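Just one chain follows, in the form predicted on its own, and it is written as structure tokens.
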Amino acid sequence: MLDDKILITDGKKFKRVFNINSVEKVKLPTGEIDGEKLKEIQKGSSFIVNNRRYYVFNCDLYDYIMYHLTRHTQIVYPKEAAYIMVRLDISPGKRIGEAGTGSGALTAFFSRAVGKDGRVYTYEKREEFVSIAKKNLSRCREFDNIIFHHKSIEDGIEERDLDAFFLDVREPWLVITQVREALKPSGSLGILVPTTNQVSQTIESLEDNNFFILEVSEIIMREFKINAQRLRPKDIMVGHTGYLIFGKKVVDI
């Protein structure tokens, strides 16, 4: 689904994703390039506009989510998404639950990871976010494996025996019971919250609902300026984005 999109970058601050089949002109920091001329440029090569070189690459899922996704909510960043998928042991054929959908960034990663034989069941109570996520995902997903639910999981989760569930909601401690009912024994649960007091409340709810808590962690990524002679960290970084909590469903004895 990303075959019609390209990433253009100057190797510095400018990074933009464009639809190669519909763009008429591309505005760049140093000028512009005609859309028809852009189609003639081979992916993996470069062009020059007013003495600055720009590179043209295939648009991958990371590029789409970071530079093109329509956002009306805070997304789960790729630095968390990769760890979430490893920690929840998401692989082809798995059945995964998610709430809330938001802009669909993590949903897209889940969809690719479970493949054509897996399923992603995503819950979002706000109608406008459901609409945005469906549009975003229609442009990037490879498999028809996402089932949307326009409802709050406080009203119940329809699926049972899920392999894993991920929560990105304001008050996750209020829906741990519903998630427990949806997970299979030893099923994995991941939760993202932005503040430490939310972590505390969530831990208490997990303990009350017989979950084994694996870890609470925070992932911080620091980028470096790409200069072999003066290698050092970038002046500005994305610091805190959220706390991750992971656990396993324990069978009642």
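All residue numbers refer to positions in the sequence shown, first residue = 1. Since the model is a prediction, treat every value here as computed from it, not as a measurement.
Note that the form predicted together with a further copy of the same chain isn't included here; everything after this is about it.
S.K.: Please determine whether residue 91 contacts a further copy of the same chain in the model of the complex, using a 4.5 Å cut-off between heavy atoms.
M.R.: Residue-level check for residue 91: yes, a contact with a further copy of the same chain.
S.K.: Considering non-hydrogen atoms and a 4.5 Å limit, does a further copy of the same chain approach residue 13 in the model of the complex?
M.R.: No.
S.K.: Does residue 49 reach a further copy of the same chain in the model of the complex if we count a contact as any heavy atom within 4.5 Å?
M.R.: Close contact is absent here: in the model of the complex, residue 49 is far from a further copy of the same chain, nothing within 4.5 Å, heavy atoms only.
S.K.: Whether residue 9 contacts a further copy of the same chain in the model of the complex should be assessed with a 4.5 Å heavy atom distance threshold; does it?
M.R.: It does: once a further copy of the same chain is placed as it appears in the model of the complex, residue 9 has a heavy atom within 4.5 Å of it.
S.K.: To test your reading of this chain, name the stretch in 95 to 103, 129 to 137, 152 to 160, 108 to 116 whose heavy atoms come within 4.5 Å of a further copy of the same chain in the model of the complex.
M.R.: Careful reading of the contacts points to 108 to 116.
S.K.: Heavy atom within 4.5 Å of a further copy of the same chain in the model of the complex: which residues of 177 to 203 meet that condition, in order?
M.R.: Contacts from 177 to 203: 185, 186, 188, 194, 195, 196, 197, 198, 199, 200, 203.
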